[in-house]
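Below you will find one chain, with nothing else, as structure tokens; this is the form predicted on its own, and questions on how it binds or moves follow later.
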Amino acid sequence: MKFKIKREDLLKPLQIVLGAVERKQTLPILSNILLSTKTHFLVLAATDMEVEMQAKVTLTEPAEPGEITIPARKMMDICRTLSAENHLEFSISQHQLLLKSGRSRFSLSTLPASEFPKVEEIPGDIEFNIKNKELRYLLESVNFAVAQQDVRNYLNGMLLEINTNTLKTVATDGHRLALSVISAEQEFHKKGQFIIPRKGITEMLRLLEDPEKTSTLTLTQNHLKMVVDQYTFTSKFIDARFPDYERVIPKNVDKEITLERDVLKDALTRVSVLSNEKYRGIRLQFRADLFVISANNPENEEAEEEIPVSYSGEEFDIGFNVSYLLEALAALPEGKVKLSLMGVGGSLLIESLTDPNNIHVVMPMRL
């Protein structure tokens, strides 16, 4: 195995592939990346057994075919420090990878490529193309609501639901829910629900930098594969059943107000300064033509802000975690938003009048 490559041609693919490597590994091979060379291509791959990332780089000079695995983070640290003016020359000698660049020389330990685990290739049940900006919209609109290390493993991922002519993403941590939907450019003959793990979502977003490009998604019973340009990402699905999210979304609401997103967002941000740092609770007060946001903390400090609105229903107070409200509003576009409830103590439904395909539900909290 022997090849030569420009530092700039290697650096970005190496950074992308490195995202699949976990810092703490029980298997030494999972701390390595796989380097494979064909005559005109270099393929880099990394995995943590749940997700796998591959990058294919075109070489300007013919290479000597071969494959080997090397320590991922050491390789990244070395490449960052090398000069962009010199080519990187790689070769193998006595189970060591030799790297030369200008007057610099490095010798890295290796492990056989045969030990590197590879995600099984299964024919896809569903395959489609989607614009990067649309896929990013679906992911970013709900990603923040995914649970972190919840014992209910189905909450530690995002639901991707495919219907006849729509794509929908849903995430919930049990305290709030985010839902986003777009119309598909094609009609799907197979429907399905798939739960993508949190790390999978993060790695997918890293590949969607160019909004004008298109990604190809292939779904099987157990895996998702996404191809973008020179990158191929594969993730296992969470093997569980996602809860019935439709039951969480308030129906037949009887109390609602409409106001500018930024006005509400700024008011919540100001009032939250004096909320309880641990519980982050704030009080929403619905009054005749007035919406009042207030907070206090154990130091007997208080904050209150009034916003004129059109409201003539029953007057009541209700508490929410202000962080959940702010994260929901941040996922919505500028313009007017509608806050709706069913009953005095129900969940809060947050909808954008600019983008009706992006909705959020937040459970109330006791203050």
Partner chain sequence: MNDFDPSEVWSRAIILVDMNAFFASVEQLDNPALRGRPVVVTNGEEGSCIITSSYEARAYGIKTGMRLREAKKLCPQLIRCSGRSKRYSEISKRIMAALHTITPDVEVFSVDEAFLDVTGCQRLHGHPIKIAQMTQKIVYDVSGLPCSVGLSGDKTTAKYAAELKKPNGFTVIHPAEAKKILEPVPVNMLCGIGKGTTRFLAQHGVYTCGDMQKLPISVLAKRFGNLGRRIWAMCQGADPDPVSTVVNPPKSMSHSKVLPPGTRDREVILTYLMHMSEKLASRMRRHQLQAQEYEITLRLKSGDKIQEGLKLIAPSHDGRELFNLAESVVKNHWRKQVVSLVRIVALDPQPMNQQLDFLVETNPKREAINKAVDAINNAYGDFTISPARLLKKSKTPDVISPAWKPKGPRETV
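Positions refer to the first chain, counted from 1. Note that the structure is a prediction, hence the values are computed from the model and not measured.
The following text describes the form predicted in complex with its partner chain, which does not appear among the structures shown.
The candidate site formed by G174, L177 and V361 is fully in contact with its partner chain in the model of the complex, as each residue has a non-hydrogen atom within 4.5 angstroms of it. Contact check for R241: every heavy atom lies farther than 4.5 Å from its partner chain in the model of the complex. When its partner chain is considered in the model of the complex, R247 lines it closely, a heavy atom lying within 4.5 Å. In the model of the complex, none of the heavy atoms of F188 sits within 4.5 Å of a heavy atom of its partner chain. Contact annotation: S31 falls outside 4.5 Å of its partner chain in the model of the complex, judged by heavy atom distances. The single contact residue among R152, R105, H87, R206, judged by any heavy atom lying within 4.5 Å of its partner chain in the model of the complex, is R152.
Of the listed positions (N252, S114, S93, Q148), a single one reaches within 4.5 angstroms of its partner chain by any non-hydrogen atom in the model of the complex, namely Q148. Partner contacts here mean any heavy atom within 4.5 Å of its partner chain in the model of the complex, and among 227-235, 95-103, 271-279, 196-204 they occur only in 271-279. Heavy atoms closer than or equal to 4.5 Å to its partner chain in the model of the complex belong, across 311-330, to the residues N321, Y324, ordered by sequence position.
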